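First comes one chain, alone, set out as structure tokens in the form predicted alone.
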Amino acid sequence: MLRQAAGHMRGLLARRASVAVTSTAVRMASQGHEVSETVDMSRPMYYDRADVPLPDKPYKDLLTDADKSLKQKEKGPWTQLSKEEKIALYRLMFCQTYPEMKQKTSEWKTVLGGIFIFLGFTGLVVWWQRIYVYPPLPKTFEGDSQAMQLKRMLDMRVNPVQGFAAKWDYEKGQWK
């Protein structure tokens, strides 16, 4: 029985999945959908991070003719380069400057909005539960009933050392 099930599964998988090998990665096509490519972490990558000042590779890999001539000019004295050329050389190596990386974003507004939406939804759920799920409060939670309970506890002299009875003046009939 187990062999039949395994053979049946192999047949289904062989019919449903086709493997296409490309130069960069192996992709698996199943029912017309492709699985996304994985990133090869062993290769150098470009990233902008303030804590890592030099990425593994430059921002632009493929250089135009103008970029190549600028790179040749870079090998000479930098005093002959104009300010625009220095900025262009910087932009060949890096996508963002440190001030651009450290620039404040308005992401906190989205996070705070999400928190408030979540809290509002939670409040609605709690309100709905109080009305439709929980039973009504017992009569002992009403003010008259609580006053009667307090009077009974005082009459019984409950906890006369440190409790209610210690704070009640029995001669005057009022709180000390």
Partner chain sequence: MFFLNSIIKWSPVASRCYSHGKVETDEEFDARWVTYFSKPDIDGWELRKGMNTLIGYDLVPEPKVLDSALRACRRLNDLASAIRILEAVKDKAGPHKDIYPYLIQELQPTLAELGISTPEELGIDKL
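This structure is a prediction, so every number in the text was calculated from the model and none was measured. Numbering follows the first chain given and starts at 1.
Keep in mind that the form predicted together with its partner chain is missing from the display, and what follows is about it.
This chain appears without its partner; in the model of the complex, the one residue of Asp61, Glu107, Asp51, Asp65 with a heavy atom within 4.5 Å of its partner chain is Asp51.
Against its partner chain in the model of the complex, the set Tyr46, Glu74 and Thr97 is in full contact: each member has a heavy atom within 4.5 Å. Note that among 110-118, 35-43, 51-59, 135-143, the stretch whose heavy atoms approach its partner chain to within 4.5 Å in the model of the complex is 51-59. Contacts to its partner chain in the model of the complex (heavy atom within 4.5 Å) from stretch 134-159: none.
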